[in-house]
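There is one chain below, alone, in structure tokens, taken in the form predicted on its own.
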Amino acid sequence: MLTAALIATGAEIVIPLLTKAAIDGPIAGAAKRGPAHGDGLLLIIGVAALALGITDAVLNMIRRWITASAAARLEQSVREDLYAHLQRLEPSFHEEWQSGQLLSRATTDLSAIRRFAGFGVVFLIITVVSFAVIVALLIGLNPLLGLLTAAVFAPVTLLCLRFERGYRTLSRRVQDQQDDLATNVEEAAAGIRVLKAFGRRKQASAAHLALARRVYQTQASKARLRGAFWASLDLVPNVAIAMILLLGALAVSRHELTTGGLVAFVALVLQLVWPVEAMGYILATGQEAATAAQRVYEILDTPPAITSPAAPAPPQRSRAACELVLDHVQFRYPGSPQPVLRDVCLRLVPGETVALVGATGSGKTTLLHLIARFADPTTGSIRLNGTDIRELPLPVLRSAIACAFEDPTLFSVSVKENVMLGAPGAPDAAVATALAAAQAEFVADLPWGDQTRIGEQGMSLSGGQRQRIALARAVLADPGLLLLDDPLSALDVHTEAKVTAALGEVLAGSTALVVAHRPSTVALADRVAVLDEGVIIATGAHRELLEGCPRYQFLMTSDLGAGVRG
């Protein structure tokens, strides 16, 4: 790429020198000795100039093709690295970052880097080399005039440094503001039902307008700065050409410079006009790319907090159902003064189903996240089949556990692909069995059955339908440990009864920890663990706890367990 660019630039620079040779040689000779004098040499010079022009065009075409391909591959490579790194980062990282910020870095920022890599880098090198070579040639043609020309272009460096400082600040500001705007648009689209239900369209539009106005004002400031800079750059070559024409004409009249030399001088200076004018665009895209790279590295430089161990534990004998032990587990969110979980101890034997019951905010979902190793306990340990889960490679741990959460996440692919997420390549019969266990018979009524695309986040389905597909996904994974976070909360009473009956058969072959808010869900369990303010205060059978645990009695007879008494 650079070789082609430099050779093409060299060809452009040589053409004015051939023009000088033609004017001072055959053309000047023809004016003195007659039209036929020097025709052969003039033809040779013309053919050479034509060959250089063709070489310049071909090499520039090759350079553009190589540059575009290399820049596109660079963007693809960085995008793949960024996406892979985002997948390695723990859920708490994604909870702290707005989705619009991550989306902007993965799209807009990478495009800015590609634009500079595909244009700016090459032209920056070409501009520097061209300027040095052309100034040297100008000094060779006429030392005084060449040095004066170089002096006229010297202020360009100062202009570039001043522009770079101001443009860097504005570039970072507008890219951060675009993050906020992207987040606002995404939230408005995802929450359109809420905005319409509460009649907040005007308020949402006003908030969006305020963010958009901030972006506009910063973009306008960038445009003013860029416009003033480019206007200054346009002025410098024009001043140089006016000076050359005036002083060059005097030099020719004094026989200090030939006519061909003056023509070559002007042609060479004209070749500096485009690089100087392009310097504004190069610096602008360079600053945008530098800011974009800084923003991308803010993510890439974030180390994952949850990683596979450097020396993993030796593989354990596989079991259909796992043993789970929580040993004095405590967890505190960073910056929080109080722990969410305190001294949690619980043991699930292989094949046992335990219901985890507690009021809202007692730490039930957090406990499930620790078991799935979305975060690590502050103190204590969680052991799976006798091995601390922090000593297990993440792929091994995640393959042994399947989760279904209260707020299910579905992807904009087909129903079948969503269900098979935990078991790629599962046969159609197994998919059908999992859907049947989750009582997802509605899938057969969709336009294309289980091949129907369900839209982003499954928004084309009801909450209960999304829960049942997520439940089928967990069932199909056939894990050794199944974590269910109130998986039936969005179901009606009749559907819940059917799903409960089917789940009873599914759970018989797995160890399961089920967050339960209803007695019907508790009925699935062999034992119940009561979690209160981060501590398991009681474990036992449902009826035993109703008789001997006042807190459990309250939970089962309050609105959390409405409809069932005693």
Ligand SMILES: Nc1ncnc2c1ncn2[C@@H]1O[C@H](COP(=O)(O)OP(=O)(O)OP(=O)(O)O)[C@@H](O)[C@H]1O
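Since the structure is predicted, the reported quantities are computational estimates derived from the model, not experimental observations. Residue numbers run from 1 along the displayed sequence.
We do not show the form predicted together with the ligand, though everything after this point is about it.
- Contact with the ligand in the predicted complex, judged as any non-hydrogen atom within 4.5 angstroms, is confined among 118 to 126, 208 to 216, 357 to 365, 296 to 304 to 357 to 365.
- Taken together, the three residues 109, 176 and 281 all stay farther than 4.5 Å from the ligand in the predicted complex, as judged by their closest heavy atom.
- Shown without its partner, this chain lists 333, 93, 442, 153 as candidates; in the predicted complex, only 333 has a non-hydrogen atom within 4.5 angstroms of the ligand.
- Checked against the ligand in the predicted complex, the candidates 406, 323, 81, 478 yield a single residue with a heavy atom inside 4.5 Å, and that residue is 406.
- With a 4.5 Å cutoff on heavy atoms, residue 63 does not count as touching the ligand in the predicted complex; it lies far away.
- Not displayed here, the ligand is kept clear of residue 348 by more than 4.5 Å at the level of heavy atoms in the predicted complex.
- Not displayed here, the ligand is approached by residue 517 to within 4.5 Å at the level of heavy atoms in the predicted complex.
- Contact check for residue 251: no non-hydrogen atom falls within 4.5 Å of the ligand in the predicted complex.
- Along 221 to 238, not one residue places a heavy atom within 4.5 Å of the ligand in the predicted complex.
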